[in-house]
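Following this are structure 1 and structure 2, which are two forms of one protein chain, each written alone as structure tokens.
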Structure 1
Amino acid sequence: MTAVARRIGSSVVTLFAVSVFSFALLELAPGDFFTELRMDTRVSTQAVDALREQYGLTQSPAVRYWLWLQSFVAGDLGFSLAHRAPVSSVIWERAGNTLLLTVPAMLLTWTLALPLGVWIARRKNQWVDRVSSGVTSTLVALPDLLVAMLLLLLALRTGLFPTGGMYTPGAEDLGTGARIRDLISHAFLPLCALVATALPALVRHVRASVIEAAQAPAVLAARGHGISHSRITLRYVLPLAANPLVSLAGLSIATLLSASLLIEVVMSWPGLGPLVVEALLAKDVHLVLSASMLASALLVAGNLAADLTLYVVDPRIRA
């Protein structure tokens, strides 16, 4: 129990450090939210300065950080200058849309990666292994952006899939069933892009873990006793290979989230991606900070969950 409390405590410290570091980085970048107005020929310098004063941008960085932190802890997550509203009012719905992509993508990726990785591991050094190695290496090397663009091109050229967004314009007039089908058709390509970017690395990890576990003395002994391949895999190899994979699972939500931000922008998916990109470009500091905190919290939570899982399933860690 003490170990768990200590782990949660260190997670809070990590999140605090992330917020300070992110704030400092944003502070170091030149300009602020109202800098853009300087190019507007209708607006005088005095008017821009008055806006800076009105929205507290002339206060010291320490004061501004403190004000954000207070608002964050209170649940408003700060104040978005772009939306002139609390960050919480603009971020949660989009976060839901992002999770609508990333959670199924993660489940799908693991569902495919585990059997594929085991299957390839059992064919180590055979042609299947060599071909899969080539394919996964190529896919790992492909930038996420390129994968998304290629899929978008496919949609545009074939007309088989929507070219962006979450619903067809006017879908709000449809019945529930048709709306769900419309949603699935829009989510299909972004999901494919996410799975295509995450799956190859995961397959390679599963393969490597399974091959390593297959060399363990217990597995060799089991094999010596003439136990069947499938029984050995289920009873001995997978439990032995689980440790690194559980740790990897903890990271995969955060990995998919970062890939998702990019894919959302390219495919106009209304998640956190376009919001964060806009906020970064506009230097909407509170929105960027709170979005970073959300992503970091997911990463930390994923790691924490993985650690706790290992703590429960692996007696060596409890010892």
Structure 2
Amino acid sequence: MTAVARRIGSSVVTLFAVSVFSFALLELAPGDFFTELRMDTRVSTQAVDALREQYGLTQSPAVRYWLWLQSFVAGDLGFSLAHRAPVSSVIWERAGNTLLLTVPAMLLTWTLALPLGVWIARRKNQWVDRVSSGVTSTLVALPDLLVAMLLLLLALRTGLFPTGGMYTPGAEDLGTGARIRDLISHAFLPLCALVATALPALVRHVRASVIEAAQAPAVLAARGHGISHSRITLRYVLPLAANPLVSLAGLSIATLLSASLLIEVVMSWPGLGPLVVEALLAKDVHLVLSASMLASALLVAGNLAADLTLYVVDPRIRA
């Protein structure tokens, strides 16, 4: 349990470091939320100064960070100047929209990657392996932005899928079934983009892990006893390949989350991505910090869950 407590403690330290660096980067950027208002000749300098003082922007950076950290630990995410509302009321709906993409994308990606990786590994050095290696290498080399733009271009040319948003205008008047179908049609394109960016690398990792596990003495002995390939794969190879794949599952959360934030901006999906971009441009400090902490918390939670899973299933880790 000491190792588990140490791992949880390191996760807390990581989140604290993310908050410090995020706040420092925002402070290094020139100006603040009211800088543009100061350039408006219709607004007096005294009025802008009064607003800055009202929202605590005249305090030192250390004091403002400490006040935000205290409120964040207490569950108060602060106030969004751009939206004139508490950050919590702004960010949770957007976070749900992001998870609406990333969770199905992760499930679908792993559902495809595991059988594909095992199937390709069983055909090592055959033409299937060589073709898949070339295809996955090409897809891994493509930037996420390019993948999203190509899919968006395909949708524009064919007209088969909506090219932006989460619902069709007026969808709130539709029935429940029609509204769900409308949501699925809008989510299909960004979901395909997420799967296309994450799947090639996962297939390559699964293939490598399965090939390595297939060379283990236990597997070779089972093969010598004439046990069928499918049973060897399920009973021996996959359990031996589980450790690196469990760790990879935690890391894949970071890949999908970072790709999701970019794809949301390109495809106008109302998730955390567009919200963070708007908040950065407006220098809405509390909103940027809370969004960064939420994304980091999802990443840390995924890695922590992977580590704890390894701790439970592998006695060597406990030792």
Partner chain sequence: MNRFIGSALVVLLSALTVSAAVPAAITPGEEVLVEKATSGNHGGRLVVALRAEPRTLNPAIAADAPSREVIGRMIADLIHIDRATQATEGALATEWKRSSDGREYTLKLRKGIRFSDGRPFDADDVVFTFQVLLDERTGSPNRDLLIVGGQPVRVTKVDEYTVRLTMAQPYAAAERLFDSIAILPRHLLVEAYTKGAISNMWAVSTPAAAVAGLGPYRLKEYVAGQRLVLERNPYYWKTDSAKRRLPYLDELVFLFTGNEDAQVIRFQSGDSDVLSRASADNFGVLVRDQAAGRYQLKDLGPSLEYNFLFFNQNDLTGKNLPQVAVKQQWFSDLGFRRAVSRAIDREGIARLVYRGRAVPLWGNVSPGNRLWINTSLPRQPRNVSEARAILKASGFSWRPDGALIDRQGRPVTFTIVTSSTSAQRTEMATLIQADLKELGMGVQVVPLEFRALVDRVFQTFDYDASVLGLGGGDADPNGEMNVWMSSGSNHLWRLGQKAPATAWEDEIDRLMQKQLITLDYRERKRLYDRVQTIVAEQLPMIFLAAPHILVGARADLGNFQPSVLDHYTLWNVERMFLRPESRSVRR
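Note that the structure is predicted; figures quoted are calculated from it, not measured. If you superpose the two forms and keep the largest set of C-alpha atoms that fall within 1.5 Å, you have the rigid core. FYI, numbering is relative to structure 1, first residue = 1.
Annotation: structure 2 represents the form predicted on its own, while structure 1 represents the other form. Remark: with the core as the superposition reference, the CA shift of residue 278 between structures 1 and 2 stays below 2 Å. Annotation for residue 60: C-alpha shift under 2 angstroms between structures 1 and 2, rigid core superposed. For residue 265, the Cα coordinates differ by under 2 angstroms between structures 1 and 2 after the core has been superposed. When the rigid core is fitted, residue 49 shows a C-alpha shift of 3.2 Å between structures 1 and 2.
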